[in-house]
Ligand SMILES: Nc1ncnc2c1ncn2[C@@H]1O[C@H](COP(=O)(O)OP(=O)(O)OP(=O)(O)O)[C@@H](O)[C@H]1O
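Next comes just one chain, in structure tokens: the form predicted on its own.
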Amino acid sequence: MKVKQTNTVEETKFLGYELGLLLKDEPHIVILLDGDLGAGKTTFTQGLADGLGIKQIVNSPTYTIMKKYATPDRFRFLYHLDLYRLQEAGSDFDLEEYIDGMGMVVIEWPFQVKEFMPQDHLRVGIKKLSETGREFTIECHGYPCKRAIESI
């Protein structure tokens, strides 16, 4: 487990960027973002996308539930999910297809549907300390994220 602190929006994005660089060659990884409203989950994800080389604008998928972004190699994707509005796992949204698929899967509000969360994941807890200050608790559960959090 690692604890990191950021003091600005730019530092929060940079922390995400560093992690994106460290994980960009992994064929599949699930990142669970856990934090209150306004904690910086989407800002952190924007940094992850930059680290993966994604040039598209990354914003919150609150109302669409999921957004998909192609990496420069076009064979890998970043799936950005926001499960805040999801009350239960339903048959109209195949959440497990993304969680068990390939690419990087970033899930905001992951514990809305705990039954689909994989055992192997990277959990990033975000605590708001001030208007721009944040504390990140980064925990790896399984492989391949162990190497990444050791390096960050």
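Numbers follow the displayed sequence, beginning with 1. None of the values given here were measured: they were computed from a predicted structure.
Keep in mind that the form predicted in complex with the ligand is not shown, yet the notes after this line are about it.
Go through 38-46, 114-122, 66-74, 24-32 and give me the stretch that gets within 4.5 Å of the ligand in the model of the complex, heavy atoms only. Partner-contacting stretch among the options: 38-46.
Triplet Y17, D50 and M102 all within 4.5 Å of the ligand in the model of the complex via a heavy atom: So, no: the whole triplet misses the ligand.
Is it the case that T137, even though its partner is missing from this view, gets within 4.5 Å of the ligand in the model of the complex, heavy atoms only? It does not: once the ligand is placed as it appears in the model of the complex, T137 has no heavy atom within 4.5 Å of it.
Heavy atom of S151 within 4.5 Å of the ligand in the model of the complex: No - in the model of the complex, heavy atoms of S151 and the ligand never come within 4.5 Å of each other.
Mind listing which residues of 1-39 have a heavy atom within 4.5 Å of the ligand in the model of the complex? The stretch touches the partner through T6, N7, T8, V9, T12, D36, L37, G38, A39.
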